[in-house]
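We begin with a single chain expressed as structure tokens, specifically the form predicted alone.
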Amino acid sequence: MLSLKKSIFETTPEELSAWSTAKGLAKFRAAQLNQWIFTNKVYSTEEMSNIPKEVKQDLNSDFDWQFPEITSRLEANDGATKLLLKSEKGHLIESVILRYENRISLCVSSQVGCKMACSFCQTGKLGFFRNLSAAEIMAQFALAQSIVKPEGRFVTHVVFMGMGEPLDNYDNVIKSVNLMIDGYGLNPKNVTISTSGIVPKLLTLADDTKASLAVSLHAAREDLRTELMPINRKYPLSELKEALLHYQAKTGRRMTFEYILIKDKNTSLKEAKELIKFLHGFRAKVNLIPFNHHPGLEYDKPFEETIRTFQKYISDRSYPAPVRYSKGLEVSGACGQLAAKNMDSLEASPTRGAAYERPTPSL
């Protein structure tokens, strides 16, 4: 049953303070509540030891504290936890927790399915169903915090690289990333929106959030990128570059480009030269991501020698080009694979189209 209450997960510190004032509570009580939720990442009133019983009752009555249902939880030996979650509307979405020695990253989904129709997409079979609300996005964040908290750790990095195109769900994504930064205190450099390149949204992004930006490029030649990413027909590389230069001029930040290395497709010396031409004018790094084989797709991972040759050509021209090997491969590590395996559980949608996903990041 859908809840009509406001989700505690999307509630800002200012809104919680306003609620406290409306309830006639002392000012220090709002500070306590904000401390519990935004600093301590506590999502149960039972754990709030210095909050009176009647205030807890009001919090439970006025806000929705329910986490999304975990349909599947898979643990990998490399520290990745993959979660298949069911929304209140019955749709399946994915989140991936990535544990590193000095940080914990969370890969979140922003849509159920996607419209981008990239040819290397495992979730292409799913279609597009709907945008996730800010509450559903923040619920992934809160759930992950509750999972890693018993380990004595917090989620420190968030990447919008799961199911969906974040800039196609612009308002809810912006609201979520700003709450992570301004409410939960995450460093803006550690909250990353990854996009396939919706040019009009890129032109406004710098004005709307301090979050970082990563661009899924995957080819620097118009015909090849169009083959891999049909969005290139609408927003070709020339327009994408112009928008990104505008973004970089406004923010002063170094650009990050994601480049999936696909065997016999985009890893030749010719493609490396095209990439260098595209990068001219940017302060940038390129994350090289060897393709993870997906059942049902013809693409495959390049040979290691090919990967290193491509990397060397880029890095020799003063562009950092780390090779990012994905975590969680043993548990269907690429975002969308679990949902694809459970696609029969998804509800049909009149707007069903093609889906887009990105490989599980190693950020």
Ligand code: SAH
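Computed from a predicted model, the values in this text were never measured in an experiment. Note that residue numbering begins at 1 and tracks the sequence as displayed.
Keep in mind that the form predicted in complex with ligand SAH is not shown, yet the notes after this line are about it.
Which one of 267, 105, 194, 145 is close to ligand SAH in the model of the complex, taking close to mean a heavy atom within 4.5 Å? Spelling it out, the residue with a heavy atom inside the cut-off is 194.
Pick from 180, 135, 289, 84: which residue has any heavy atom within 4.5 angstroms of ligand SAH in the model of the complex? Of the candidates 180, 135, 289, 84, 289 is the one lying within 4.5 Å of ligand SAH in the model of the complex.
Does residue 165 reach ligand SAH in the model of the complex, with heavy atoms at most 4.5 Å apart? Yes, residue 165 sits close enough to ligand SAH in the model of the complex that at least one of its heavy atoms falls within 4.5 Å.
Would residue 169 sit within 4.5 Å of ligand SAH in the model of the complex, counting heavy atoms only? Because no heavy atom of residue 169 falls inside 4.5 Å of ligand SAH in the model of the complex, the answer is no.
Residue 232: heavy atom within 4.5 Å of ligand SAH in the model of the complex? Flag for residue 232 set to no.
Partner proximity in the model of the complex: residue 209 to ligand SAH, non-hydrogen atom cutoff 4.5 Å: The answer is no: residue 209 has no heavy atom within 4.5 Å of ligand SAH.
Residues in which of 254-262, 69-77, 238-246, 274-282 have heavy atoms within 4.5 Å of ligand SAH in the model of the complex? Residues of 254-262 come within 4.5 Å of the partner.
Heavy atom within 4.5 Å of ligand SAH in the model of the complex: which residues of 215-241 meet that condition, in order? Read in sequence order, the residues that approach ligand SAH (within 4.5 Å, in the model of the complex) are 216, 218.
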